[in-house]
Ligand code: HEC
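A single chain, nothing else alongside it, follows as structure tokens in the form predicted on its own.
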């Protein structure tokens, strides 16, 4: 093989190496966008933090705390709320309350995968306390029709467990606001009331079911308190479903 042929082969190899080097280095050229910053379609986002901040934090607060709605970031709530329950609430919403349906099948903007990501992410907030505390009453009543609670008994239970903060008759006290305000009861579901009694609002200083009254409030008393509060609703908002809520 003569020198001229060898020289030509060398130039071809050098050119090929140069082309490959340029191709592999294109992503690092000055001014080229970082792949991590490239636009994602809304239905392609699967990062829990991003999904929660975009869809949930406006009502439930940053990281699920200090919002006007149920504190999803409370570890005790997250430990009690099962993924299937969370997926149903996120996907279907809660009729008669400000909680809209988020599933695309119900007119929302989230895919089934995104709904699942949110449910699993919220559930993960309770990993540190799951199984580490005494067993609380069920977050969701087994059957509201079979155990609707008694408003008369609920008034008594309210006086024992709630009146110290929320005042006699639920009209508000020095420590906490009114629970019988028509504007409040007209927007909140029975399940949300039940959740608040069981979990409390640690972010706002409200204790949960094991408040310091010598014993925790029982499952029956919780149903009774919820029934009594529900009976205080304006007539136009009566019949709020107790099996659904946040």
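Predicted, not measured: the structure shown is a model, and the values here were computed from it. Numbering follows the first chain given and starts at 1.
Keep in mind that the form predicted in complex with this ligand is missing from the display, and what follows is about it.
The three residues 65, 73 and 141 each lack any heavy atom within 4.5 Å of this ligand in the model of the complex. Proximity of residue 151 to this ligand in the model of the complex: non-hydrogen atoms within 4.5 Å are absent; the residue sits far from the partner. Proximity of residue 175 to this ligand in the model of the complex falls within the 4.5 Å heavy atom cutoff. Residue 184 belongs to the set of residues with a heavy atom inside 4.5 Å of this ligand in the model of the complex. Of the heavy atoms in residue 165, some are within 4.5 Å of this ligand in the model of the complex. Taking this ligand as it sits in the model of the complex, the stretch 165-201 comes within 4.5 angstroms of it through a non-hydrogen atom at 165, 166, 175, 176, 177, 179, 184, 187, 188, 189, 191, 192, 193, 195, 196, 197, 201.
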